[in-house]
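Next up: just one chain, as structure tokens, the form predicted on its own.
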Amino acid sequence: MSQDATLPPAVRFVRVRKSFGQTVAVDGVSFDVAAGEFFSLLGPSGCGKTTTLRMLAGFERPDAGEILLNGERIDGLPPWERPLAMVFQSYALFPHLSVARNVAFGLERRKLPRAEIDDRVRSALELVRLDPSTFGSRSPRQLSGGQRQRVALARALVLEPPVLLLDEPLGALDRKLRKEMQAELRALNRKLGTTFVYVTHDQEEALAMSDRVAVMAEARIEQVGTPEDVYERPRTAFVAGFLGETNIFEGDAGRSVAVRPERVRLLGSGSAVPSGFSSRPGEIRDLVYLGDREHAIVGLGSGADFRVDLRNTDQVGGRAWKRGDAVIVAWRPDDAHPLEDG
């Protein structure tokens, strides 16, 4: 994904605010989405991410701020006048219409010629890997969850929108199918060049699929960046803790810092600490087996716990750690990232 610097962003939010009664749902949110980008709004339930998406779609009106699409303000336009399409978490398929008629619905409302509608419906179903001759005449109740998700996606893509909005569309799928659909959505984004704005509460999903991620908490954006940026260089304690596991502690300069468990080495008591590493002594309080790895939970003298990620291959032919072992946790200073709200 690349953006021509001379072109305006595909989507721009400028200090957008939305309240429901006394509850502030979105509080002065600003961000840009480049054309063709896969951009995710990530955060826990109630953080404001779905309200942000609904304001972009036109289902909610902002109380303040501006929403622009390709440089033009759209916050005053009704949903049907915005060149967008949306895939809902519930899929929102019409149960009384066939798969083909569900996909054709938006085109029929535009009163396109029948032959063009049929051609575009066929192409859209093939794009999401549903054979039109097999699935076109079926009703939604005859489909699996994954197939219904594909139909909902085809119904949006058939409109050829420059921006596609997706509100947790994979939430109802099992883990294996969800991972397959993540890869397919990413591939579609790259193939079509359509701008994707994606809402999810799943951290792994956002990191795996996105060009950039906006992490939200309590109606505000905590950080915007590439998956590597927000994971490896979190700006706040919330971002560090929400995106996977992390160790947050007071650094040598008295400032709060975070270091990921996979960046920490576990050494036996009395072992030499590698040159340049920071370290603290402790005792293994627990070991949590996770299949391909296990977490050692190390109690430090301060009463805090430190988590260390141990790959099982690291222990083949080596030391087998056990509860009660005296150990040293060590990490490179460059892997301890300072936090703004420490």
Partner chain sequence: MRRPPWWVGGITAVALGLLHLPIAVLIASSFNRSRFAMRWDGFTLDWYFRLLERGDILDALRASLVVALVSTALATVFGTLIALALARHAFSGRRVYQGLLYLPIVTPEIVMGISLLVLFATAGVTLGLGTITIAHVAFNISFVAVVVLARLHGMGRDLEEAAMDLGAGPLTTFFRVTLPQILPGVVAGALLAFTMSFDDFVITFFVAGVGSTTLPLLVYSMVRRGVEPTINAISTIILVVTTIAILVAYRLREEGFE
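Only a predicted model underlies this, so the values are computations on that prediction, with no experimental measurement involved. Residue numbers count along the first chain shown, from 1.
One more form of this protein should be noted, the form predicted in complex with the partner chain, which is absent from this view; the next part is about it.
Could you check which residue among 93, 243, 214, 209 gets a heavy atom within 4.5 Å of the partner chain in the model of the complex?
-> Checking each option against the partner chain in the model of the complex, the one that comes within 4.5 Å is 93.
Please pick, from 191, 175, 73, 109, the one residue with any non-hydrogen atom lying within 4.5 angstroms of the partner chain in the model of the complex.
-> Checked against the cut-off, the match is 109.
Going by heavy atoms within 4.5 Å, which of 195-203, 215-223, 79-87, 124-132 lines up against the partner chain in the model of the complex?
-> Only one stretch qualifies here: 79-87.
Could you tell me if all three of 260, 285 and 337 have a heavy atom no more than 4.5 Å from the partner chain in the model of the complex?
-> No: none of 260, 285 and 337 comes within 4.5 Å of the partner chain in the model of the complex.
Contact label in the model of the complex: residue 249 to the partner chain, heavy atom within 4.5 Å | No, no contact at 4.5 Å.
Counting only non-hydrogen atoms and a 4.5 angstroms cut-off, does residue 255 reach the partner chain in the model of the complex?
-> No, no contact at 4.5 Å.
Using a 4.5 Å heavy atom cut-off, state whether residue 59 contacts the partner chain in the model of the complex.
-> Residue 59: contacts the partner chain in the model of the complex.
Partner contact for residue 307 in the model of the complex: the partner chain, 4.5 angstroms, heavy atom = Residue 307 lies outside the contact set for the partner chain.
Within 4.5 Å of the partner chain in the model of the complex: residues from 38-55 (heavy atom criterion) = Residue within 4.5 Å: 54, and no other.
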